[in-house]
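One chain follows as structure tokens, the form predicted alone.
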Amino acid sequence: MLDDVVVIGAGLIGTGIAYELAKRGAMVTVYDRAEPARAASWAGAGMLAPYSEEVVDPALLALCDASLRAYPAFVDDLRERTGVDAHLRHEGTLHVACDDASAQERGAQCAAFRRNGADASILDRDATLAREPMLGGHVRGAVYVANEAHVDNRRLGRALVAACTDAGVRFERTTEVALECDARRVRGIRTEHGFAATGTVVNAAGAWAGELAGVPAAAHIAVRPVAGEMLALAVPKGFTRGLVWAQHVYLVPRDDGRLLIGATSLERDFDVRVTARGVQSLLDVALRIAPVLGTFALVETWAGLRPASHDGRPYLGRTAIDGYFVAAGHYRNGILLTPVTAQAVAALISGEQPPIELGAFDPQRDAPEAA
């Protein structure tokens, strides 16, 4: 029987780990300052696109591939348990060439995608417009990556919170939380409500993971926030088919008729403002490849904080303090990596063999603080 476990952070990573542990018989309590499945988990676009994200680190790419393969069974399990469908869609990604120069680079781009495992092909202008009729304007063609997908991350968050609740996980709101430990192992956590004893704590606090109080220097991780601004347009249902990518901008359809457009990438600490310049930069590209989008209403803008690590890999696993585990630093791939992270960390805590080798993601690896 597993001991009581505390998870700090109620995003997709934290709730995913909590759910996997609860299924293994653990009594889990999740602490967060905000409503579960908010912050970056709520703000993302739900792209499951490791090839389009140009992940080239072999260890990280293998982790992304494993999680992409795990997604269908993951969302099926949640739907069967809760009735909430996360709307996983396998429509691929269309990388649009919007000038003659980018059109001429399609061959090299397609070859690069294929080297990393993508099922990629080159489309001419007619084939591109046949696949996505909303496009027009300066479109010259595209590279299509067939083996990528997207999920409604907000619905996924709802499903995970419901599944956790059904499995007996408790959620606690707290404005402050600190790890309590001696030189060797975890003793518990302390919040404004007092001390809670536990022998196992998981830090899944996203962009705030490096700020957790009470963590000894030997177990500290270097996580920094990178802001991303997004917006949504109200378009007719079925107006667009799948993911569309042009330059630094991506367009992601939702079944409710919203079209998400994102995202900027700004190193500005914990600032989640949406700026006029950020919105303009997104719309400039979107309207260039699909001028018709200029006729639709702008219905939502928001920003989230991506948790970036010191070397681009997430921190997953045990630390120098016995009982203190970390699952943080996923940067742009937190939604994609939710299934494999949840299953691997829960397996590790339970004494099982993780589904993928985690050595490359050791929280103590060559980080400046560890050195």
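Position 1 is the first residue in the sequence shown; the rest follow in order. Bear in mind the structure is a predicted one, so any value in this text is a computation, not a measurement.
Only in words, not in the display: the form predicted in complex with a small molecule, which the text now covers.
- The partner is not drawn, yet in the predicted complex one stretch among 139-147, 199-207, 86-94, 100-108 has residues with heavy atoms inside 4.5 Å of the small molecule: 199-207.
- Interface residue among Tyr31, Tyr51, Tyr315, Tyr324, judged by heavy atoms within 4.5 Å of the small molecule in the predicted complex: Tyr31.
- Distance criterion of 4.5 Å from any heavy atom to the small molecule in the predicted complex singles out Ala39 from the list Ala39, Ala346, Leu63, Ala26.
- At least one heavy atom of Ala45 is located within 4.5 Å of the small molecule in the predicted complex.
- Within 4.5 Å of any heavy atom of the small molecule in the predicted complex lies no heavy atom of Ala342.
- The small molecule in the predicted complex is approached by Asn333, whose closest heavy atom lies within 4.5 angstroms of it.
- Using a 4.5 Å cutoff between non-hydrogen atoms, Pro253 does not count as a contact of the small molecule in the predicted complex.
- Three-residue candidate spot Ala70, Asp119 and Gly157; no residue lies within 4.5 angstroms of the small molecule in the predicted complex by any non-hydrogen atom.
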